[in-house]
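The form predicted alone is given below as one chain in structure tokens.
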């Protein structure tokens, strides 16, 4: 299995890169790290998983500029069912634009019909509890912006916490096998059932999760904690 990690020199916040490290431990995977000045491997060869993680606000523009020449290849890959996972505010790079605090619209890739609204003096921090198909998903958010606009298919259905924006019933966006979520950190370590479903999608359904027993114990404890109605969700 070949995993391509896009722009790790800027897309490296909140421990998101451990998602790739964990998958590489669970399956026989080669990880390719593509820099901002490199031509992505997915353009010229089959990549099983394309991944991009959380990024600084300036890094969003750098990543956008690096991907723009390869946008048609990315669209073709998505249309063909290629598996892509995007976490944290990297989601916003694939929308139409980001509106900043001064009211400026910063153009993005336009792969999603959404736009983001950024407020640097009002960071949103919170926990998340939701569903991916029949799987319970837990996670954390820390972001300056939220996304708005029509979404045909969300990635997760919200049980508790904020979706793409507070009050939205769906968190994240899914276009075929391109999955994007605002959830940060080692999402795959926190959610072993979701990781198993992702590995199955990647043709690695027989792979055993690394430290699966410990990961499941921690996951079950967190699901119980997040399901407690006395538990606050924003901080």
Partner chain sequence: MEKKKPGGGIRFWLALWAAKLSVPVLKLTRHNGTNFPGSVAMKLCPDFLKYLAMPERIVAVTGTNGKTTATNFICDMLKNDGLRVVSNTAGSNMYAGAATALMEGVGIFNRCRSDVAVLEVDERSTRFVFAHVKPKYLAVTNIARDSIKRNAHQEYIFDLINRGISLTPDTTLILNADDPVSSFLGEDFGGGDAHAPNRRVYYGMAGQGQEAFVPGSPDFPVCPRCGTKPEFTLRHYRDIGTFRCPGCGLSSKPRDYVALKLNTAARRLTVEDKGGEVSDYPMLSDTVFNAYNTVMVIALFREMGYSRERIAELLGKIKITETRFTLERAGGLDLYTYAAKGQNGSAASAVFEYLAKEPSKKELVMLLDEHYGDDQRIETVTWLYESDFEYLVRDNIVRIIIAGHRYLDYALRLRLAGFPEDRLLCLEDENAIPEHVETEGIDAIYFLHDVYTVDKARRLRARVMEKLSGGGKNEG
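Residue numbers count along the first chain shown, from 1. In this text the structure is predicted, and so the values were computed from the model without any measurement.
There is also a form predicted together with the partner chain; it is not shown, and the following applies to it.
- For residue 128, no non-hydrogen atom is located within 4.5 Å of the partner chain in the predicted bound form, even though that partner is not displayed.
- Within this chain, residue 120 lines the site of the partner chain in the predicted bound form, having a heavy atom no more than 4.5 Å away.
- Contact check for residue 144: a heavy atom falls within 4.5 Å of the partner chain in the predicted bound form.
- Residue 36 belongs to the set of residues with a heavy atom inside 4.5 Å of the partner chain in the predicted bound form.
- Taken together, the three residues 18, 58 and 222 all come within 4.5 Å of the partner chain in the predicted bound form, as judged by their closest heavy atom.
- Just one listed stretch, out of 38 to 46, 185 to 193, 198 to 206, 172 to 180, contacts the partner chain in the predicted bound form at the 4.5 Å heavy atom level, and that stretch is 185 to 193.
- Residues are counted as partner-facing when one of their heavy atoms sits within 4.5 Å of the partner chain in the predicted bound form; in 208 to 224 these are 210, 211, 214, 215, 217, 218, 221, 222, in sequence order.
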